[in-house]
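Only one chain comes next, encoded as C-alpha cells, the form predicted on its own.
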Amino acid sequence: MASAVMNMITAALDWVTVIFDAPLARAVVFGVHIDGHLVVEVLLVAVILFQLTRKSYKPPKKPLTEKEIDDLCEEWVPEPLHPPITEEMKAEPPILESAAGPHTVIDGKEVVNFASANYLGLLGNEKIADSCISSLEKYGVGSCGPRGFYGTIDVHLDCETRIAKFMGTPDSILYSYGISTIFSVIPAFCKKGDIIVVDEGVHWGVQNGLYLSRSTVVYFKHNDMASLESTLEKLTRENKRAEKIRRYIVVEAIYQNSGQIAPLNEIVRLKEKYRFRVILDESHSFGVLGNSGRGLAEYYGVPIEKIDIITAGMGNALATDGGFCTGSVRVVDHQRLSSSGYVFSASLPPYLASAAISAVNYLEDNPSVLTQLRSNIDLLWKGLSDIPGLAIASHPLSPIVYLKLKKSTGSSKSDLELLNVITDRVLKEDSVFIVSTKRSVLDKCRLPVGIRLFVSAGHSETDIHKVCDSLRRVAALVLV
C-alpha cells in the first residue's frame, strides 16, 4: 500500500516537472519571460476571480408550495416591540383631582403636596390666571403652527423680550415644551466630532440631547471639580485636534437627581482655562437662586455673558409651561433655523406665554416670595436632620430637598422598593404626598435613588412640620 502511494506521488512530481520544463514554460511573449510559476499564478488568479463573481446562493430548483409557505409563516416569531412588562412597571402613580398647589386632592382626600415643583407658589395666582383668561379671549387656546410658519404671535415676542430683559441677556427664544428645550438646544450646537464633557448626574432630557448630537461624550464625577479639571486636561493634552474642534461643558444649575448646586465660579474658571463653552440648564434654579431669582449666575456673582448658552423650563418656578434659551443674538438666531424643537413644533399656546410674562413680573415686584421660599427650605432642613435611616444629600439652598438611605442595600432596585414603601405609607396614613426617584429604563443616571421633596413658598409651617413628623415616624418603622 505504501509503495503504491509513493508511486502516485512520484508520478505527480514528474508531471509537474514536465509542465515546468515544457517549451511554453520557457517561452518569451512580447519580451516577457513566461515560466511555470507565472502560469500557475495566472491560474490561481483566474480561480479566485471565478469564486468572487459566482453567486453565493442558488435558488432551489423547485419553488415552495403554498403549504410550505404557510408552515414557515406560522413558525416565524417576530421580535417583541417592547421588553417584558414586570409588576413594578404596572404600578400607577396617584392621580391628582385638583390643582397641584401646596394642598391638592388625591382619591377624594386633601393632602399636603411636596411632589410638585411649584417653587414660588404661583399656581392659582389670581393675576396670572386673569392674564391667561384675557389671552384666551383674544387668541384662543392653541397657535396651530410652528413659529416659522405663521405660528408666531405678538405675545411670543413680548415674552422673549421680557425674559431677556430679566436675565440681562441680549436675546431669548421660546420653546413650546419644557424638556424639549435642552434636548433641542444641545444637538443644534453640538455635532458629530465635537466633544461634550458632562456631569454624570444630569437628568434624562440632557442625556437625550447628548444622544441626538452624536458628539463624543465624556462624563465626569457628579459635581466634582477635580474630576472635571482632570477630564478637561486629559482631553486637551491627548487630542492633537482639540483646539480645532468645538468643545462644551454641560451642567445643571440645580441637579434634579440630587438637589446639588453646580459651582459655577469654578466651572467658568476651568472653561476659560481650557477654552470650552458652557451650556447651563437652569430649569430648577430660574426664579429660585440669586437675590432676585435670576439664577445661578446671580447667586455666584458671575457675569451672565460668561455663560455661552442658558436654558430653562418654565413649568417649575413660573408655574406655566414651555421653556426658553437665552444668550447672545447669534446663539438665539441660530436656533430659529437649526433647533428641531423650535422649527418643527407648534408654538407655545399664547395664554402660557402671557402667564410666563405675568409670573416674571410678579417675581420682580415681590422679591419677598424668595425670602419665604428660603425660610421654608431652612425649616424643612431642620425638621429632617434627624430622620432615622435617611440623610439629606441636597444643597441647603436647593428647593429640591433630597433624602437618600444612610445604608444602601447594595441594589438600586431594593433601595427603591424601601423608599416606595415609605412614600406610600406617608400618603396613606398621614395624607402627605411625596415621591421617590423612579427613573425610566431610558435614564442612564447612576446616582443613588432617593426621596425628593419639592419645597414651595406657599407651604405653611404646619405643612412642613407635618411632613417631617410623618417621615420620622414611618422611616423609624420601615428602616430601623
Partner chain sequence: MVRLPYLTALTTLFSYGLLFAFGQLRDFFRKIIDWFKSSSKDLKGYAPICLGLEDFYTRRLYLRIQDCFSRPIASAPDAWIDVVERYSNDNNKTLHRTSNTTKCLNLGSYNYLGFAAADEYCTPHVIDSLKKYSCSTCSVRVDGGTTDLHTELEELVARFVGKPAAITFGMGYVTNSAIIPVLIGKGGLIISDSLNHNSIVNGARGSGAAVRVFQHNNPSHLEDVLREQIAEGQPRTHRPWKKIIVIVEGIYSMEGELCQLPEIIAVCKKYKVYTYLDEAHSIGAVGKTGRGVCELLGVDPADVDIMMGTFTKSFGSCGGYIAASKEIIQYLKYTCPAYLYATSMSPPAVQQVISAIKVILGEDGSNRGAQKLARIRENSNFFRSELQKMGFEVLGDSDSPVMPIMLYNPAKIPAFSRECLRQNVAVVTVAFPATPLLLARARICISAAHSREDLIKGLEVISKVGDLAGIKYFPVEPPKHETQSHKKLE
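Numbering follows the first chain given and starts at 1. Here the structure is a predicted model, which means the values were calculated and not measured.
Another form, the form predicted together with the partner chain, is not on view; read the next lines as being about it.
S.K.: Can you say which of 385-393, 90-98, 363-371, 295-303 gets within 4.5 Å of the partner chain in the model of the complex, counting heavy atoms only?
M.R.: Contact criterion met by 90-98 only.
S.K.: Within 4.5 Å of the partner chain in the model of the complex, do M225, L232 and G410 each have at least one heavy atom?
M.R.: No residue of the spot touches the partner chain in the model of the complex.
S.K.: Answer yes if any heavy atom of Y402 is within 4.5 Å of a heavy atom of the partner chain in the model of the complex; otherwise answer no.
M.R.: Outside the cut-off, so no.
S.K.: Do I279 and the partner chain come within 4.5 Å of each other in the model of the complex, heavy atoms counted?
M.R.: Residue-level check for I279: no, no contact with the partner chain.
S.K.: Given that the partner is absent here, does L418 sit within 4.5 Å of the partner chain in the model of the complex, heavy atoms only?
M.R.: Contact check for L418: no, nothing within 4.5 Å of the partner chain in the model of the complex.
S.K.: With the partner left out of view, is I254 within 4.5 angstroms of the partner chain in the model of the complex by any non-hydrogen atom?
M.R.: Result no; I254 lies far from the partner chain in the model of the complex.
S.K.: Could you spot which one of I249, A117, L264, I173 gets a heavy atom to within 4.5 Å of the partner chain in the model of the complex?
M.R.: Exactly one residue meets the criterion: A117.
S.K.: Looking at I179, A164, L397, V217, which is the one with a non-hydrogen atom within 4.5 Å of the partner chain in the model of the complex?
M.R.: Spelling it out, the residue with a heavy atom inside the cut-off is I179.
S.K.: What residues of 422-444, in sequence order, lie within 4.5 Å of the partner chain in the model of the complex by heavy atom?
M.R.: F433, V435, S436, K438, R439, S440, V441, L442, D443 sit within 4.5 Å of the partner.
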